[in-house]
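Alright, two takes on the same chain below, each alone as structure tokens: structure 1 and structure 2.
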Structure 1
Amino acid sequence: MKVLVPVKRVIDYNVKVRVKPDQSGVDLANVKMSMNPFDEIATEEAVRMKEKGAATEVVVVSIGPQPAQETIRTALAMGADRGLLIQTDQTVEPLAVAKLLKAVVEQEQPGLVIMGKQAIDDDNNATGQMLAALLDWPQATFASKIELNGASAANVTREVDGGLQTLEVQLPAIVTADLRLNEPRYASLPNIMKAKKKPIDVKSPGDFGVDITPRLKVSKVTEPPKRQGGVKVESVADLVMRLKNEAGVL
């Protein structure tokens, strides 16, 4: 069974995001970029499936600018077999991403698509669901555990408000990974060197016949207001008074 893993290049989660002076977007100049953490978890899960013999090939696909090849190389160093970059410098919205991934799925014919539940830059949490709808495939989101039942079905444990829910989905299917699915490995130096020799195909959105023209326009980006320091109160009555007069919550 072939497993397809979409990955995204985002600002590293340890970096403090800066807004451009003209408030037109986020400043990416000289900023460290890395693989989206949820996609890293999805890649790890796919590689583990291959190591167990449940998967025969792990294919990684990314949509973005030319430097996104570095993100694909990271996945290859973790154990993926080959990569595909759909190169574009445009901002690609979730629906356009889902349409491109649908075209890739139709070309690659994977038995399972594992992807991060969301990207940490836009937090849309929409691409996996949209892709499942476009393909008319079953989906299991927020997976904390995946157990394959051969090549025909999978049991997916997902985290919900009430606890844990286990779904059985028929393959092929879409699964989105949550934080507790696994802990991604660090790529070893030998595997990093091997990854440099693994193939990465580069295509454009036009090769798949998909229009990625944005439907939304960002009018303004601002930083959240700075948190103000707290104050000590002398009594419950003082607390109630401040909540009523200053905070306006009562």
Structure 2
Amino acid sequence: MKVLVPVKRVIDYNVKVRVKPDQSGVDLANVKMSMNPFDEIATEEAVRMKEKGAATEVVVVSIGPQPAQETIRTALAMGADRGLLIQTDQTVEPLAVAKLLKAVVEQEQPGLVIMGKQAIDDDNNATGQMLAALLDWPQATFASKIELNGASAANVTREVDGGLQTLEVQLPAIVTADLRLNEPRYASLPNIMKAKKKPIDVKSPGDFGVDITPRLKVSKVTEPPKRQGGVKVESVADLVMRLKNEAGVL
């Protein structure tokens, strides 16, 4: 079974985001970029499936600008076999990403697509569900555990409001990874070297005949209202007194 893993290049999760003064967006110049953390988890899960013999090949795909090749390389260094970059400098919304991924799925015919539950830049949490819809495949989102039942089904435990839910989905299916699914490895130096020789195919959205024109026009990006830090209190008694008399919340 082939496993497809879509990975997105995003601002590193440790970077403090700054809104541009002209409100046109956030400042990405000279900012550290990394693989979306949830996509690292998805890649790790796919590589583990391959190591266990459950998957035969792990293919990673990224949609984005030329430097997204580095993100694909990172996944190859973790153990994925080959990559595909659908190169564009335009903003690609989840709906358009899902349409491109659908075209890739039709070419590659994977038995399973594992992706992140959410990209930490746009915070949409939508692409996996949209891809499942377009393919008419079952979906198991926010996965904290995936158990394959042979090549025909998977039991997926999901993090939901109120606890955990386990679904059995027939394959092919879309699974989106939550943080607790696994802890991604650091690529070793030899594997980083090896990854340099693994193939990355480069295509354009036009090659798949997909219109990626955004449906949402961003008119401005602003800073949220700043929260002022308050006071440091001296004692618990002082705290309780203030919560009661000053803040009126007790």
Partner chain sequence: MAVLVIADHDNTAVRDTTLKTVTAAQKLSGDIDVLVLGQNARPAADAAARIAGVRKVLLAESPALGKMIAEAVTDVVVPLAANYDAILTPATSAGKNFSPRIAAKLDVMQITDVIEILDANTFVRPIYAGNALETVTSSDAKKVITVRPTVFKAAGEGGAAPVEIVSATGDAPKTRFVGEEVVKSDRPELGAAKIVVSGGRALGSAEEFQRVIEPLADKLGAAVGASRAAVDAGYAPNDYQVGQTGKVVAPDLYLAIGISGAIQHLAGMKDSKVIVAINKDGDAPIFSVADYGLVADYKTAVPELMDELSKLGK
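For numbering, take structure 1's sequence and count from 1. The model shown is predicted, which means the values in this text are computed figures rather than measured ones. Here the rigid core means the biggest group of C-alpha atoms that line up within 1.5 Å when the two forms are laid on top of each other.
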property	result
Of structures 1 and 2, the one that is the form predicted together with its partner chain	2
Post core alignment: D238 C-alpha displaced by 2 Å or more between the two structures	yes
Following rigid core superposition, Cα shift of G229 between the two structures in Å	2.5
